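The data below hold one chain only, encoded as C-alpha cells and taken in the form predicted alone.
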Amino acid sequence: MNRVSTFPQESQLRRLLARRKRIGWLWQVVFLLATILVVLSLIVLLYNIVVGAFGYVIVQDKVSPQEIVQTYTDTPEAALHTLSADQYRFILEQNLSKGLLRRLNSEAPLTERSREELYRLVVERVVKPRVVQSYSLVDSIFERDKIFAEAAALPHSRVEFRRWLNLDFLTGKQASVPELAGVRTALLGSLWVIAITVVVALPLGVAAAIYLEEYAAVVANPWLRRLNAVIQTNINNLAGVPSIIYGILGLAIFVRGLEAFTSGAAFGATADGATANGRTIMSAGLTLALLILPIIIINAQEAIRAVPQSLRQASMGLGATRWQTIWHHVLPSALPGILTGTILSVSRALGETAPLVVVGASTFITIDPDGPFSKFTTLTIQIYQWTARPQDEFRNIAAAAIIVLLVLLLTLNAAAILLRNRYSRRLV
C-alpha cells in the first residue's frame, strides 16, 4: 500500500518554525545563564580569597626588639635586624629553654644556620609578635578609623597593612605563628611530588593506551581478547575510584611493602630519608601516579582512536611495520590530545589532599626536601592544616597559600598548553 506524504500548509509550517525558534531561544538562555552562574561562582571564590590575603592587622610584641638589643648586646642603639649571627645565637641561648634548644639543634644545629634563619628564630621565639586582630581588605578600606581607634586602646600595639602574600611568605618556612609562617617547604614538596607523578604516570599511561588501541584490537587469540577486555573494563572503573582508596593502597604497597625502596634505605640514603620510614616524597609521587594513571590511559586512548585509520593503512602500505607506523605517524598525530589529558590529570593530582594524608605527609615541617626520599608536605596539606586552626590569621595565610597554589597550577597548565600547541602547529 502506497503512503502519500503531504507537506504542511504554509500557516502550519510557520507555526512549526516559530515553535522551533522559541525552543532554540529557550535553550540558548539556559546555557547563557549556566555560563553566567559559573563565572559568578568563580568571581565570588576569587573575591573571598583576595579579601582574606590582604588587610590591616593589630600587632603586639611580647618583648620589645629594642629592649632585647639593650639587654643582650653592647650596642643598645642598634636595630635588632642588624645584629650578627653570634649575637642572635647568644640571645636564643639566654631566652629559650634547654628542651627547645635541643629540639632546634636536632633539626639543624644553630651554629650551621644562616644569619637570616637565626633572626627569624629570635623574632619568633623571643620577640613573639602576635596579631591580636586582623581585618579583611574591605573592612580595612571602609573602617580604617575604627581600626586605628581600637589599636590605640591596646598597650604596645601597632597597626600594619599586612600583605600576607609577599616575598617573605614565599621564601619562609613553616612556623608556629601565622605572622612568620611561609610556604617554601610546602611549595618545594608539591613540585617534587608532581615531578615524580608525571615521570612515572605519563610514559606508563601512554604505553598502556598504545597496547590497548594498536595491539589488543588485532589479537586473534580469543582468550587474550577476553583478558584485554577485562583490563579495559577495570581501567574504566578505576578512573572513578575515590582518591582516599588510592591513599590506602599507597600506604599498603609503597609505605609498608616497599619501604626499603621508598625510604631510600636500599640505595644508602641519608639519615633524613631513612628516618622517614617510607613516608617520603617517593611514596606520595607513586601514589598520585596510580591515581591519575587511568585518566591518562583513557584520554590517550581517545586521542589515538581519533587518528584516521587511513593514515595507518598508508604507512603500512609503503612497507612500514606496525611500530614504525605508531612511532612516526600515530603518536605525533595524537600527541596534542594526549597532552590535554595529561594537563587535566596533573591538575587533579596537584589539588589532592586525602591520599597524601594517608601516605604520611607532615603537617608541620621546617626542613626543605632535598630529594625523593625526604619527608615532605605540600601546599594542599598546608592549606588544610591552616584552615583547621581557630585563629583568624591562619585563615589569612591559607588564603595567600591558595593564591600560590592557583598560580602554580595555572603556570604548569600554561606550559603544557604551549607545548601542546607547538606540536599541533608542526602537524599542520
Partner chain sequence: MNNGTYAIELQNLNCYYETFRAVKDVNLQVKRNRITAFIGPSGCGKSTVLRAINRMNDLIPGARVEGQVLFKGQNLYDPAVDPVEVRRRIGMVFQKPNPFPKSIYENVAWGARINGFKGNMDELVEQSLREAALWDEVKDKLHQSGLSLSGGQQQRLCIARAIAIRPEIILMDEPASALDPIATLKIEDLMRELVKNYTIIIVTHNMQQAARVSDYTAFFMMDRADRAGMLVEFNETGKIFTNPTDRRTEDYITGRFG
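From a predicted model like this one, the values you see are computed outputs, not experimental measurements. Numbering follows the first chain given and starts at 1.
From this point on, the text means the form predicted in complex with its partner chain, which you will not see here.
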Do heavy atoms from each of 170, 191 and 363 fall within 4.5 Å of its partner chain in the model of the complex? no
State the residue from 104, 311, 238, 177 whose non-hydrogen atoms include one within 4.5 Å of its partner chain in the model of the complex. 311
Considering non-hydrogen atoms and a 4.5 Å limit, which listed residue (163, 89, 225, 130) is close to its partner chain in the model of the complex? 225
Residue 321: heavy atom within 4.5 Å of its partner chain in the model of the complex? yes
Do residue 329 and its partner chain share at least one heavy atom pair within 4.5 Å in the model of the complex? yes
With heavy atoms only and a cut-off of 4.5 Å, decide whether residue 317 touches its partner chain in the model of the complex. yes
Wondering, does residue 218 line up within 4.5 Å of its partner chain in the model of the complex on heavy atoms? yes
Taking the partner as it appears in the model of the complex, which of 71-79, 277-285, 348-356, 303-311 has residues with heavy atoms within 4.5 Å of its partner chain? 303-311
